[in-house]
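Shown below, as structure tokens, is a lone chain in the form predicted alone; questions about how it binds or moves come after it.
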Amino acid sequence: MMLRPMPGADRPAAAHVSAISSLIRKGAGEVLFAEGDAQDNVYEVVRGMLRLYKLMPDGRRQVIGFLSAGQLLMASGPDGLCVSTAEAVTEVTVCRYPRAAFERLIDEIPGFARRLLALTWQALQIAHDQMLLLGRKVAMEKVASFILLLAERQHADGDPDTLDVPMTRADIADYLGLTVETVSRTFTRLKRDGLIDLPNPNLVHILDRERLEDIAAGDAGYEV
């Protein structure tokens, strides 16, 4: 459910969206915007993945989300300052909309508000998922839940048991509130126990979804 005009879209609506939007491309590791920047834009990921993070007073990083194609991001808060840093995990293309012009589309394009509401609910669901992940008791539950959530989000694009993991183990650790060593050790144990296969660090094959779901639910008695 993307806001950018798609083939076959209503021409007047497509013209409205194209008139206010611009494409931005960033290479892996490049910053789209930084926490505290003054700007007032809305971004939509067209391809690739962004990570959102905040720096804590002691310098530690808390990853608060990963955004992929079709997801929407409001860069700033009510004060016009960016509330987090958005950085490219992979090569990424985003569509930028000035916020004031973006909000006008709600009145000008029939059905736009419904599409925006659906994207907003999607963002709330992602925030809810992270709260559940952080609330898990042990590392194994967190990592198993993360794998299943990532598989669910990628399901529409292909095999539900094969998923791309473009983020680093450090990204995952900062997202789940774990150390890099614990995340790496947990992935290794899941592979050793026959629940997943790891052809390379950025690809996961789920081999035993039922057991993985049991672990995520805290029913398997794993400790790491």
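Only the largest set of C-alpha atoms that superpose within 1.5 Å between the two forms is called the rigid core. A quick note: this is a predicted structure, and the numbers were derived from the prediction, not measured. One rule holds for the numbers: they count along the sequence shown, beginning at 1.
Not pictured, yet referred to below: the form predicted in complex with the DNA.
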Partner contact check in the predicted complex: of 92 to 100, 122 to 130, 136 to 144, 75 to 83, the stretch with a heavy atom within 4.5 Å of the DNA is 136 to 144
The DNA in the predicted complex has a heavy atom of only one listed residue within 4.5 Å, and of 42, 32, 178, 49 that residue is 178
Only hit among 168, 162, 62, 68 for heavy atom within 4.5 Å of the DNA in the predicted complex is 168
So in the predicted complex, is the DNA close enough to residue 26 to count as touching (4.5 Å, heavy atoms)? no
- Task: Answer for residue 198 alone: is it within 4.5 Å of the DNA in the predicted complex, judged on heavy atom distances?
- Result: yes
Near the DNA in the predicted complex, with a heavy atom at 4.5 Å or closer, the residues from 180 to 200 are 180, 181, 182, 184, 185, 188, 198
Shift of residue 80 between this form and the one not shown at or above 2 Å (CA, core fit): no
